[in-house]
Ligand SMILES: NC(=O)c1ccc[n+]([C@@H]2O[C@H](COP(=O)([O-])OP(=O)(O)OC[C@H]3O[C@@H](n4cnc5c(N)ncnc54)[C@H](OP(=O)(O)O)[C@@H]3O)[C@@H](O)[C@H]2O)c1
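Only one chain is shown below, in C-alpha cells, and it's the form predicted alone.
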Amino acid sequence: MTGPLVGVLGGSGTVGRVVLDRLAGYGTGPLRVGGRDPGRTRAAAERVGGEPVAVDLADPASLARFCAGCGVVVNAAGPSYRVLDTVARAAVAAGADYVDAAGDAAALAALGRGAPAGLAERSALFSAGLMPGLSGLLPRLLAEPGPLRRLDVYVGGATAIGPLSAVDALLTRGPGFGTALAAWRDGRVAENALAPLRSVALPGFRHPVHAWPFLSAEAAALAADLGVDELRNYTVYVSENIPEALATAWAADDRPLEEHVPAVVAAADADVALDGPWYTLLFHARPRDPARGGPTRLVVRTPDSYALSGVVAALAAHRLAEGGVPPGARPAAEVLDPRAVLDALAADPLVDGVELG
C-alpha cells in the first residue's frame, strides 16, 4: 500500500472492524489500529495486516503517540458525547486529517471553540456514519435535478443499543441536537408542526411502524443548504418501546440520565426480538416542478445500522487519503459525493437493497 498511514481508533469494535476491513479492501494505505484492550487490538490488527497500538483516549500523551505519523485518523470509539473533539484536536495537532464515525453537531461546535491552527491545512470530517451521515448525504441526490417543494426523511428500524449509545440517544433532547415535533418550513424551524405517525406503512420498511418527527440539526442544515421549502424528518421505531423509555427518562429531570440507560437498552432489545435486526433509510422528494424528471424516492436497507456506519467512515477516510478536500471542519455529507457513496453501498454486503426511482 502506497497511501498515507491511516490510524483507526476503536478498531476492535463493531464500527471499527468494518472501517478496517473496508480500508484494507480499498487499498487506502497501511493501517494502525488503536484500542485499550491489547489482546483485542492485536487481533483486529492481525486480521488486516496492521500495526496494533495501545491507546487510551483519556491520556493525551497516549493519544498523541497514536496519531503521530498518521496521514488520516479515524475515530470509531465512543461514546461521542464524551469524546467530542478530543481525538480531532490530537489528530490535527499531529498533522493528520480526521474522520469521526459519529461526532455530531455538538462535537463540531466544540472543535470550533478555539479551533486549532492546524485546521488551516488539515480537514476534519464529522458525522461520517448512518445518522447523522447518510441521512444528510443521500437526499442530495433527489435535489440534483431541481429544487424541492418538500423532502420527507424516514430513518430507523430495529437494532440493539449498547449502554454508551443509549446515553447518546438520551442526550438528543439537549440543546444543539434538534427539535421534537418540528419541521423546516420556508427557511426556518416551525415548532410543533408535526405529530407522530403510528402504525404507518412506509416503502422499504418491513411492516407498519411508528414515525416520530424530530428536526435534527443535520436535517435543518440540509434543508437550508438545499433550499427546500419544507422538510419533515422522522425517526422510525417498530414499537413504542424506545419512545416510551426516552419520554420517561426526559420527564425525570431530577435524576441522572445514566439511571435510564438499562431501560433504553432493554427497549431496543425488545424491538429486535420482534423481528430481528433491520434498518431502513427512506427519502421521498416532491419537486417544485412536477415535470422536471429525475428520481423522487430513495430507499436503502441494511441488517446492521452500526456496521454500515463503518462503511461510511471508511469511504470518508479514503476520500481524505486521495487528497483535494478543503481544509477545515465540516460534516462528511458536505464533502462526500452522494452518487459515489450510493454506488459503493449498493455493492457492499452490509446493504440488503437500494432502490432509486
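If you're wondering where the values come from, they're calculated on a predicted model, not measured in any experiment. Numbering starts at 1 and runs along the sequence shown.
There is also a form predicted in complex with the ligand; it is not shown, and the following applies to it.
*Asks:* Which residue among T179, S80, S123, T235 has a heavy atom within 4.5 angstroms of the ligand in the model of the complex?
*Replies:* By the 4.5 Å heavy-atom cutoff, the listed residue in contact is S80.
*Asks:* Report the residue, out of D168, D225, D229, E244, that has at least one non-hydrogen atom within 4.5 angstroms of the ligand in the model of the complex.
*Replies:* Comparing distances to the ligand in the model of the complex, the residue within 4.5 Å is D168.
*Asks:* Go through 284 to 292, 22 to 30, 322 to 330, 35 to 43 and give me the stretch that gets within 4.5 Å of the ligand in the model of the complex, heavy atoms only.
*Replies:* Among the listed stretches, the partner-contacting one is 35 to 43.
*Asks:* Using the partner position in the model of the complex, report whether V48 sits within 4.5 Å of the ligand, counting heavy atoms only.
*Replies:* Judged by the heavy-atom cut-off of 4.5 Å, V48 is well away from the ligand in the model of the complex.
*Asks:* Check whether A101 has any heavy atom within 4.5 Å of a heavy atom of the ligand in the model of the complex, and answer yes or no.
*Replies:* Output for A101 is yes: heavy atoms within 4.5 Å of the ligand.
*Asks:* Is there any non-hydrogen atom of M131 lying within 4.5 Å of the ligand in the model of the complex?
*Replies:* Result yes; M131 sits at the interface with the ligand in the model of the complex.
*Asks:* Given that the ligand is not shown alongside this chain, does L137 nevertheless sit within 4.5 Å of it in the model of the complex, heavy atom to heavy atom?
*Replies:* Looking in the model of the complex, residue contacts with the ligand do not include L137, since no heavy atom lies within 4.5 Å.
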